[in-house]
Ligand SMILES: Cc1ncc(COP(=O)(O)O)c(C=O)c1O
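Take a look at this one chain, the form predicted alone, written out in structure tokens.
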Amino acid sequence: MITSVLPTYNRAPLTFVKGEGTWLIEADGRRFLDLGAGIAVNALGHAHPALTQALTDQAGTLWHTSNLYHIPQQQALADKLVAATFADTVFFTNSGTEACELAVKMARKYWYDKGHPEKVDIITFSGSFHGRSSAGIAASGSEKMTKGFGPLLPGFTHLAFGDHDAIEPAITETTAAILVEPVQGEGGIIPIPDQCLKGLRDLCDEKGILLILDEVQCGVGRTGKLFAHEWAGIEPDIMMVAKGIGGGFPLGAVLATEDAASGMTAGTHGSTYGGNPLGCAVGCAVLDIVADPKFLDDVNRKAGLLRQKLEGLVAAHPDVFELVRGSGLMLGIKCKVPCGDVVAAGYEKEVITVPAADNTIRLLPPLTITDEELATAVERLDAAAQTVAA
């Protein structure tokens, strides 16, 4: 008999009823150290006072009007994002999946309006994750994402991740764009080296195609820059954002240059809820904190501290762990035992991690995690590793 909630998740036997900073409180009173942050969503932790204040203030004023009218909070957040990034314009969504849909539409409409309707193909890479919509699963192309959901949306060329030699020959007269995550999240926390990201930008410029970056998971301060591509010193034409931008409130966005967005005129796209006053009020509060260079400096400091501790953890448990990789506070530990066993052992020790592909556990703590909490986190991971080894 089917459950009242559609059973598309194998949920852990945990029910959290309250959050405080980096901590989640279970219904039975246990306190869990949250190194998942709702899968990189709670960038400022749980119940952050600035976000709580922004949301409650807005909730007492105005919730929703639709995009038929000007929304002051939406304008304010768009202005902040344009001022802080490469972008000239922003469209707000409710999720990263919706952002993917628009990014694909925007790239194809760009070429249609330029007189090249044949340029519809988008190059993507194995191990990628771009959401679970029709465009998102077609972009990833993996059997896990696509099996049973055909016919798939056409127009995607899938290449092996890291196969540099395959990219240029794959660009044809029908290629519109390259779509890539600067750090693969669901794929196992695998960063693209800076020189490779620069190479992709140069190749797109050389071939006259668009570069779309998916920073849904790696953006909004997660890697120690406001957006991960900044480490490589490049700029995309289109960028997908979500998760951390709302700090826990459903919010996403597509950022673009004026040229890349030139085809998106009135009537070409829309969203009833996207950019609503509640979401954008919270987004403004998030960005005011995360975009501060001092805040990002502290993220980098804590990232270095955590990385050092995790390297020691891996060395102490060579039968359980293989290596640490990632960027900033977006780190993964590749396991030698099934990663699900490590996640489950973590639950026993009251520490939360998130499984990913390539037998990897993800560590995506709130960017506000303290040094003391980092030390406690590694102690609990050490205890979990001992349990798995035993």
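Quick note: we count residues from 1 along the sequence shown, nothing fancier. None of the values given here were measured: they were computed from a predicted structure.
Form predicted together with the ligand: not shown, discussed below.
- Interface residue remark: G131 is counted as part of the site for the ligand in the predicted complex, having a heavy atom within 4.5 Å.
- Interface membership of S95, defined by any non-hydrogen atom within 4.5 Å of the ligand in the predicted complex, is confirmed.
- At least one heavy atom of E186 is located within 4.5 Å of the ligand in the predicted complex.
- By the criterion of a heavy atom within 4.5 Å, D237 is excluded from the residues contacting the ligand in the predicted complex.
- Checking V282, V216, A256, A107 against the ligand in the predicted complex, a heavy atom within 4.5 Å turns up for just one residue: V216.
- Listed stretches are 216-224, 198-206, 299-307, 160-168; the contact stretch with the ligand in the predicted complex is 216-224, by a heavy atom cutoff of 4.5 Å.
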